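Before any questions on how it binds or moves, here is one chain, the form predicted on its own, in structure tokens.
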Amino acid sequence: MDQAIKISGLQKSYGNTAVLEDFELSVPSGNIFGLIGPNGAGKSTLIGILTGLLDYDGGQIVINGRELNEQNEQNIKRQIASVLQPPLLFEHFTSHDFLHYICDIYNIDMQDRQQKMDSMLEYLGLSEFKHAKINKLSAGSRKKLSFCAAILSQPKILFLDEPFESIDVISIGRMKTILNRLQEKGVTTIITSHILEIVENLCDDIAILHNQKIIAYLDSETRKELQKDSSLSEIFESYVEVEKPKNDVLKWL
């Protein structure tokens, strides 16, 4: 199977603190891939590196067959899109102007861009905020607008860092529908999320990041076997060895 992303020996530190150490990961093309881990495990750092926002200290990253380096960076960035946590938006643009700007960057055809923009805003319940400035939007609306922009850029690889945080239930369902449609077109999606129920139901393969490394890679067949007896949350806890609270810790309740 082709690999959309292949990471070998990746190193990233902040000062003397290692965040990723001899990190290895491969993500199959066309996969909706879940990356989960405790707070501070390095998930957002990894997304920042893969999207070119953060430098790294060593190792090799190959995205869609091209090594991520200065020579290939611009070509790679034209094939990817992201929703980051928090979203990177232009605060004094209106929602409409921001989406137009994104379409300009990615050379989206002028003939049908307005229809695409309006349909995305309508589908995710943002039509009433079309001419509102971004700095006036709620956290959930900002996240959904960032998602709209990422989809409009027509990426081959989509990076989503906590995309469902602050999002209402209906919009989550619609975002999942969009991701499934993109998968049918061969788009690879990498999702980090603490909402394990969504990861469990949406993703094909799931990797657990802990102590600077991938400690478990659960492909669809492995998950199917493990989840006969346990939820993803229970599987996750067993791998990261979360210390369980004492039975009487809340005896005062």
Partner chain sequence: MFKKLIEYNWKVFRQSLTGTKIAVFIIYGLSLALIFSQIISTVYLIITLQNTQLSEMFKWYTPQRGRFILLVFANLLWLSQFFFTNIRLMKLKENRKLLTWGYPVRKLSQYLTLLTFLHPMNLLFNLSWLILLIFQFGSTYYLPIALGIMILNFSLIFSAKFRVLTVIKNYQKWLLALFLTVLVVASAMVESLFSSTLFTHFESYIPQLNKILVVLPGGLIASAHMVLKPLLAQIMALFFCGAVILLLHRDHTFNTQQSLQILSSQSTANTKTGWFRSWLCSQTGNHAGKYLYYVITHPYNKIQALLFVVFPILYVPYMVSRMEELGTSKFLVLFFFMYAPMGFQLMFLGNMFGYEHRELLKSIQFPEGLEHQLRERFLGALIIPLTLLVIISGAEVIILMDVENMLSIVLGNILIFEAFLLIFLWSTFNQFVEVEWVSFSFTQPVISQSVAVTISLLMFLFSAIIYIPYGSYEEFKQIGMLVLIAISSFCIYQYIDNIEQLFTSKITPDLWTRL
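Treat the numbers as computed from the prediction; the structure is a model and nothing was measured. Positions refer to the first chain, counted from 1.
Unshown form predicted in complex with the partner chain; subsequent notes refer to it.
- This chain is displayed without the partner chain, yet in the model of the complex the stretch 76 to 84 from 76 to 84, 177 to 185, 162 to 170, 115 to 123 comes within 4.5 Å of it by heavy atoms.
- Of the candidates 212, 64, 44, 26, 44 is the one whose heavy atoms come within 4.5 Å of the partner chain in the model of the complex; the others do not.
- At least one heavy atom of residue 102 is located within 4.5 Å of the partner chain in the model of the complex.
- In the model of the complex, at least one heavy atom of residue 138 sits within 4.5 Å of the partner chain.
- Among residues of the shown chain, residue 132 is one whose heavy atoms approach the partner chain to within 4.5 Å in the model of the complex.
- In the model of the complex, the partner chain sits within 4.5 Å of a heavy atom belonging to residue 88.
- Looking at 92 to 114, the residues that come within 4.5 Å of the partner chain in the model of the complex, counting any heavy atom, are 92, 93, 94, 97, 98, 100, 101, 102, 104, 105, 106.
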